[in-house]
Each structure stands twice: as structure tokens, then as C-alpha cells.
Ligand code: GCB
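Presented below, as C-alpha cells, is a lone chain in the form predicted on its own.
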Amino acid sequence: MKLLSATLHARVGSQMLRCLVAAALLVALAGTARAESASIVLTGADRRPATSLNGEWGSIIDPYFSGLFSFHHVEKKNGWFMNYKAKPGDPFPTEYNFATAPKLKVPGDWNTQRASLLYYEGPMWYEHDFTYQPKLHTHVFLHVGAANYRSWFWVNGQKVCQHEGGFTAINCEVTGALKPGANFVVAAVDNTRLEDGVPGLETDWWNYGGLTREVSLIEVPETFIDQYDLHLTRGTDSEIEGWVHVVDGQPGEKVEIEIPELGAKQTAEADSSGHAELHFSVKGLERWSPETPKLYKVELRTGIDSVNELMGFRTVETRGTEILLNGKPIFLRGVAIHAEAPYRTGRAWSDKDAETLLGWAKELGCNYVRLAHYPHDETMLRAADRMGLLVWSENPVYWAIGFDNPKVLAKAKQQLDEEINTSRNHASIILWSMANETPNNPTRTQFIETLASRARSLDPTRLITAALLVRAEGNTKIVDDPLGQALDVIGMNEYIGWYEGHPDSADTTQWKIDYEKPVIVSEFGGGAKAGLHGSESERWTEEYQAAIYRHQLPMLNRIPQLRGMSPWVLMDFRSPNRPLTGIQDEFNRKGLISEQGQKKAAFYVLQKAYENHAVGKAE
């Protein structure tokens, strides 16, 4: 029986309740000593054997969150889900039943699965049955690729963890909650926008709710590898350095790294914190690049635990106003991408979604993509590794959030930590972005400088950027935001021809940039409805959008330190801020391609420029 109250706290018959209580006590007594109230980070979780929990889950809407919270939004004990007071024999009716409740597909957002849920923001309960046979000396993690925005998880009625943040992975240890045979997992997911959230109350993308990425069980031994970082030493072709972290090992625990294709093997010992430093030489290594995205099989081992990775090795750095990839200047011919699924819309999560979006970027002539405005799914990063696309990965510090609130800073740091520690194994990522279009004031600057410092401490091998706003004096655009001092690469957004002036306004625009650093124009462009044609002076037509690009490209070439661009945006995506009936219909129409795959005229303008290397002076 699938009851929404099918937990230890449910109002069920006495016989079933006794069985559940007995089972829970047994698994609790047999559980490990590991704390099960928080999520941990697992680098390369998708490279470990996993039992999929994807599929149809029972779902029940709970707009007031009465199943968990009181009117004062305090977790309570007298809700229909958290009813600790239920006793065997209590005559309460069975009012909530997952077995007869509507189903939602996981992974997937709820908004695009049911017309009645398109605009829904609030709590949703999920339930899924599965069978499992626990193993001795084994940790088991419930791995959730992402759940937007706050989420709580129970296994067989035992709370295993909760999480805040809609775009980073969750790993709840569930070892002590599992039992032989039939098991069930319950999740509560709440996509309510929060004033102290990251992002905050307003975004220019759809607030898709739900278990939006894959869900699985991951098994590891008692002593296991949770995080690792291997990279090529700058200035060399033959030196690899990094570290591996071991959980629950003894001081001196052996760690072994092997790259069979290179005939390389290295052993190190973990210190008392589980950290093992690595540095070794290899021969014949082929550097990863957009032209040759070489990936090597890398085996990481400690005791009986092993991770079989696919990794590329390259270096990235700046020199003056240049960006150097593998020691050579590069111009980043790019485009910005939202994690919007092509054709079906909704949150992108699958290999097919990634290959379609990045395939369009390759067809456009890109060697780089800005994955905005939040960390994207592991499938996107794996595809970028395979396809040779450099990546700008972004922390969801967006527009005006609570920069003066220490709780908001803590949330931003948490999500940054999860982003970097989960994704540091991807050669494609060269830029960690701290924020997008934030107001210029001292509180904001200190907030993001703190994040930049944190990012460098976690990963000194990549470049730090942010997408800044620019200001104007006459026909001169000025980039003097003090945040630029904390960045390795200056990102800047401008919309000449769309939010100001006309497309030909770009012809007389000059630039003054206060930093001798590389510049990426991280956004520019304008909207068009696919198939709508008219004159170049008629907004929303494909011709008007194409004119913006034709006038922008020569202007951008007048920026001496221009080292990349990622116009906004590859594909149209849903946004509640875009209500224009018959044109936008709640889609941001700045895409070069419609959500149904129709290429607009501007796509071909940019494609030709990229093919002819008509923009950029670094290559």
C-alpha cells in the first residue's frame, strides 16, 4: 500500500504500524555511525555503479506544506506526514494515498508534465517503491542530481537529509535506513522563491520545480574516495598533479592512480585528514583542446574502492589581456545556453538534451559555451568534454539578491562549493563565474570578492569571472566596476540595438575598459520570433535580430582586449518575464534557434562570422 502517510509517523492500522516500527528499529540498530542529516559531495558520482530510481513516482501537491510545516513555517509533529503522535489502534482515516495519486516522471520538472502545474510554485510530495538487498561493510547514498529548490528526503520513514539549492547534486547517506526487500523513498520538494535564496525572488527563467535530474542509489565500501582533482601542471606536457580525498580511512591509507594508455601509475599515502597529494610524470600525453578533445581512462583506487574516470588534461591561464589554453592564445567563439530542453521544453537533463544543444553550438562554429545562470547537469559537462567545447560554469548569484545578509552569503558559498567539488574533473570547464548582472555597490562587491577568494582556494587551476553591467557616457561604454579587480577575466553584458538604441547604434559606440585583462562579451543580442519576417527596422522580426548581429560584430572587434563572446542565447527558453502575446508567449525569444529547433536568420550571420574568424584577434 502506497500511503502518503506511509512512514513511521503515518496514521495507519496497528498491524502495519507495528511492522514498520519493527523494521525501522532493526535497520536503525544495524546502521552505520555516519551522520545522516546532511548531503556530501561525490566527485564523478556518475562514474560509479548505480541502481536507478528513475521512473514514475507518486506525487501529491501540498500548497500550504501542511504535511511538514506549521502556519509559522516551523517543522512540526502534528502534520499528516510528520504525525509522531499516531499510536497503534488510533482510528484515523487513510486520507493520503500515493498508490492512487497522480504520477510524475523522475527526472523531470512538474511544470511541463501536467498543464495544471505549469505555474505551480510550492511544495510537492514524491514517493517511489524499490527493492534492495543491503550488503555488509557498504555505504549507500541516495544520489539526486538536482531538486529545485529546497528538498527533504526520507527512506522507509527515516529522514536522511535535506538540502537547499536547485542546481547541485545531493548525496544522502541511507545505509541505516534501508532494509532487505521492499523499501520506499519519500521526497518533499519546494520551489517557492525566497527572498534569502540563491537565486532570489526574481529570475529571467522559468522556476521549474521537482526532482529535475536523475535519482539513484550509489554503493561504496566503508573506506571510499569522495573527491579528487587531477590536472596538468602549467608550463609542462608531462607533469600531472593533484590530490585524492579518502573517507573513513586510516592515516597512511594507500591511494593509487593509473592511466593505462600512458603507462602511468602513482601511489600516495593519505594523511590524517584523508588527503593524499599526487605528482607524477607521464610520457606522450595529448593535451585536451577543442580541436583534439582527448579523454583518458583514469583509475583511482584505495583499498577495495575504485573510480573509473574519463578525464582530459589541459592548462588555462591569462597573460596580460590574453587567455592561454595549453600555453597558446585562444579566442572563445561561443554562445550562452540555458538548461531548457529542446522540443519538449522544461528542464534539460538527458544525454539527448545535451547532445542536441551542444550539437547546435558546434554547428554554429563554437569552441566555447556559457552555461548560464547556474550549474548545469553532469550530462552537459560530459558532452562538452567529448565534443571539445570549453565551458563557463556559473554560480546562481543573479541580479539583486540579499548581499547584506550573511545567510545568503553562506548559501552562495555552499552552492559554489558543491559546484566546484562536484565538477572539477571536467577538462571542458575553464571559467568559474561568480555572478551575473549584479548592482554595483560596496556590499555586493565584498560579497562576490568573498566568493572569488573561496573559488580560488578550492580550485587555483581555473579562471575566475563574472558577467558585469556596463555604463555609458554619450556613445562610450565604460567598464569600471570595482569587482573587476577580483576577476581574472572580465565578463560584460550589453544590449545595444535591443534595450537601447537601434542596431546601427553600435557603429558609433566606443569602449573604455579600466582593466588590462581579457574581456568576454558574455551577453548581447535581441529577440525575434522564428518565422516572423519584415524589415530590418521592425522589432521581433528575424531581420531585425540579424541586423543586431551584423552591426555588433564590427563594434566588438574594436575592443582591443576582446578574447571571447557568448551572445544571448542559443535557444528560446521559458520566462515569466516575457508575456508579449503572439510573440513571446512567456518565452525569451533572444534565441538563435526556437525551442522547436527552427534556426533564425541571425544564426547564419554568426555562423558565417565564426567560420571566417571574422571576430577576435587572439588567434
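When you see a residue number, it is the position in the sequence shown, counting from 1. What you see is a predicted model, and the numbers here were worked out from it, not measured in a lab.
This next part talks about the form predicted in complex with the named molecule, which is not shown.
Only one listed stretch (566-574, 546-554, 60-68, 45-53) carries heavy atoms within 4.5 Å of the named molecule in the predicted bound form, and that stretch is 566-574. Proximity of residue 588 to the named molecule in the predicted bound form: non-hydrogen atoms within 4.5 Å are present. Taking the partner from elsewhere, residue 419 is found to have every heavy atom lying beyond 4.5 Å of the named molecule in the predicted bound form. Interface membership of residue 398, defined by any non-hydrogen atom within 4.5 Å of the named molecule in the predicted bound form, is confirmed. At the 4.5 Å threshold, heavy atoms of residue 239 stay clear of the named molecule in the predicted bound form, well away from it.
Put simply, of 414, 266, 345, 493 only one has a heavy atom within 4.5 Å of the named molecule in the predicted bound form, and it is 493. Contact annotation: of the candidates 229, 449, 190, 204, the single residue with a non-hydrogen atom within 4.5 angstroms of the named molecule in the predicted bound form is 204. Every residue of the trio 373, 437 and 578 has some heavy atom no more than 4.5 Å from the named molecule in the predicted bound form. Interface residues of 499-536, taken as those with a heavy atom within 4.5 Å of the named molecule in the predicted bound form (partner not displayed): 499, 523, in sequence order.
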